[in-house]
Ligand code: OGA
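Have a look below at one chain only, the form predicted on its own, in structure tokens format.
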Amino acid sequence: MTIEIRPTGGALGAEVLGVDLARPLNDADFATVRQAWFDHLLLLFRNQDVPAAQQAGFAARFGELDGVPGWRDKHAAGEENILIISNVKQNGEALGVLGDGELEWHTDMSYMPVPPSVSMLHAREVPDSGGDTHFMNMYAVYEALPAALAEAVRGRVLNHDSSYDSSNNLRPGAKEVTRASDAPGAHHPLVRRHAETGRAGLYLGRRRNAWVVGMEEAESEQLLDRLWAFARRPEFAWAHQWKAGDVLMWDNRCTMHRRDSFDPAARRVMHRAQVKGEAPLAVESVAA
């Protein structure tokens, strides 16, 4: 069957038809999928029944597989590179991580010196409603910045706090942060050049305890508030309503995402793979 790439019509994303991810893709078909991923930032594959090992194998076509620190005991049986995202409990113990609450806008693991490039979720079980995932096109956000904001981020570096996760829980072993400028984490350019496409995008990570390095804290907060208010405009986002069998993969270098909460009594089970990326590259000049 011929591969068809069908754009969502939103700010990012495309559905891929004609691919069975349980079977290895030949080189030509993989090249088509990979280019579509660069073009659309996010790809959706419907009606997939992909064992964990095959999901890991497909993700590995994009680069070296990566784990998530601190969650090594929450992987799929027999496949340590597949993390379980779930609210389900077995014998009183959580099957996976991240529960059923709302997750705020974030880029996966931006607090690390080398964040992942690819994030991939396979929906094994989903609730009838809730738990939608919203995605943001950070190329589009950057390209639409007003001249004053574009000038304000020129050459700037952001500290990405490592203390709290995207559900605002303090990470194991982390200490509470009272001043953003004291937060531990990684320093990355506010405008990031994509290592493979060469395009520039705003790189915000997440809002809590973010700090523009070298700025007075009040000045940093003011700038970040303006950037986030602009980025959250609806024209930069697209929402996905999950169905069982969906596989969704996105480019973690030029997107952000968030999750809606859902009924704690409902079951939601996702298998997640991620691929190692590279240290974010700075953009030397910012077009106004």
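Residue numbers here begin at 1 and follow the sequence given. Note that the coordinates shown come from a computational prediction; the quantities given were computed from them, not determined experimentally.
The form predicted in complex with the named molecule is left out here; the points below concern that form.
Using a 4.5 angstroms heavy atom cutoff to the named molecule in the predicted bound form, none of 55, 82 and 118 count as contacting. In the predicted bound form, residue 250 approaches the named molecule with a heavy atom inside 4.5 Å.
Heavy atoms of residue 103 reach within 4.5 Å of the named molecule in the predicted bound form, making it an interface residue.
Residue 98 belongs to the set of residues with a heavy atom inside 4.5 Å of the named molecule in the predicted bound form. For the chain shown alone, residue 30 is not a contact residue for the named molecule in the predicted bound form, no non-hydrogen atom being within 4.5 angstroms.
Just one of 133, 137, 110, 159 comes within 4.5 Å of the named molecule in the predicted bound form, counting any heavy atom, and that one is 133. Of the candidate stretches 56-64, 31-39, 242-250, 216-224, only 242-250 has residues with heavy atoms within 4.5 Å of the named molecule in the predicted bound form. Contact annotation for 246-267: residues with any non-hydrogen atom within 4.5 angstroms of the named molecule in the predicted bound form are 250, 257, 259, listed in sequence order.
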